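Okay, here we've got a single chain as structure tokens, the form predicted on its own, with questions on binding and movement later.
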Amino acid sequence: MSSRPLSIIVGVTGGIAAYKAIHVVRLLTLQGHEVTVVPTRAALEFVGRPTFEAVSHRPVRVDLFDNVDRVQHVSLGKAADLVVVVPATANTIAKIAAGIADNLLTTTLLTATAPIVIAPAMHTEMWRNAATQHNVSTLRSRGITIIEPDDGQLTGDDSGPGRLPEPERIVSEALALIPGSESRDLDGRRILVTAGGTHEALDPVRYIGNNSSGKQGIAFAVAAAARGAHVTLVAANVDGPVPGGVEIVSVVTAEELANEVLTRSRGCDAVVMAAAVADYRPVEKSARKLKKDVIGDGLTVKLVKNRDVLASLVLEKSVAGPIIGFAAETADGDELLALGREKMARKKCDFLVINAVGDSIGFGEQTNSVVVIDRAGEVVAEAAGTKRDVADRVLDLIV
């Protein structure tokens, strides 16, 4: 929580995700901040004025012509320490990018000198539309923070990028822009995080890979940066947007990841090895696409073991602080914990994060559930919730 109450404007626009803005307002209010809700008229079609006033304990501001004597379309923006628009529709994003001020919210945004955070929510086709992406790029170029939408279930049967992130993530990332507003317990520390899954090529178009999306590793990078760390993210074929304010190093194969990690981790205060690294790679990569009419009915691929990046990192002893490994297992309960302890005995890292994976759990999901053990195999933490929640709980161990 901030050392002083902040004056925060929460703008709400007319999307179905407006109901999540209620929880954003509540979270900010519970932390002691003074929250003024400025909804568009379309937003009030989804959530009524009394609801926002009840959770914020303050009058809702809607009309340009209310409180004219106080020139509120200017005074609101000038007095704010932070402005958060949640959800932000494609229409409102376009207005902000074009500098249109046709309602109290867009006028307030033009007068605000405080950090502005925009959390878009819309159908996938609207989010991916070239016009929306251009507008988002324009806002970023002006210093406005965009919290990328999640990939998940949308209204109706739709699923894809465009889902509003959970309120906890929005609040955490927004408050992180205000010095002293949230814990900076990793301030100045250097942390390296790996994310995603490596690809081992069979030929120029095919590879051996895994189902890791990189979302948990990205969540670690976002959480560590929000807590003040200088973060390097070694990203292997990640699925989705990578965070701003983080140094990104893109890799494809396990060998490329190993080289980057072993070089860049020297002197780091912590390393979080969240990537799913291939254990084996093909001995040979065909220079041309393998053709089934040439190969015939069967194909035998000889594999060779890749370097064990986590074990190598532990043996090198060049990391100044803890090394956190991951164990993704197709098991649960006591068996899951036993497999994790067996891996810890081999790797000898400082902490091991153990989680179950399968067809519909773990990889690619928005949430996670983990158990963390120390070098002795003792359970030192458990975490469940969004992947950002899990990341913050594990980062507490570093502190």
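Note that residue numbering begins at 1 and tracks the sequence as displayed. All of these numbers come straight from a predicted model, not from anything done at the bench.
Absent from the display: the form predicted together with cytidine-5'-triphosphate (CTP). The rest refers to it.
This chain is displayed alone, yet in the predicted bound form one of L82, M122, L104, V309 has a heavy atom within 4.5 Å of cytidine-5'-triphosphate (CTP); that residue is V309. Here is the short version: of L76, V171, V277, L109, the single residue with a heavy atom within 4.5 Å of cytidine-5'-triphosphate (CTP) in the predicted bound form is V277. Proximity to cytidine-5'-triphosphate (CTP) in the predicted bound form, taken as heavy atoms within 4.5 Å, picks out 342-350 from the listed stretches 342-350, 366-374, 43-51, 29-37.
E329 belongs to the set of residues with a heavy atom inside 4.5 Å of cytidine-5'-triphosphate (CTP) in the predicted bound form. Taking non-hydrogen atoms only, M273 approaches cytidine-5'-triphosphate (CTP) to within 4.5 angstroms in the predicted bound form. Proximity of G162 to cytidine-5'-triphosphate (CTP) in the predicted bound form: non-hydrogen atoms within 4.5 Å are absent; the residue sits far from the partner. Among heavy atoms of P149, none comes within 4.5 Å of cytidine-5'-triphosphate (CTP) in the predicted bound form.
Residues of 116-137 that come within 4.5 Å of cytidine-5'-triphosphate (CTP) in the predicted bound form, judged by any heavy atom, do not exist; none qualify.
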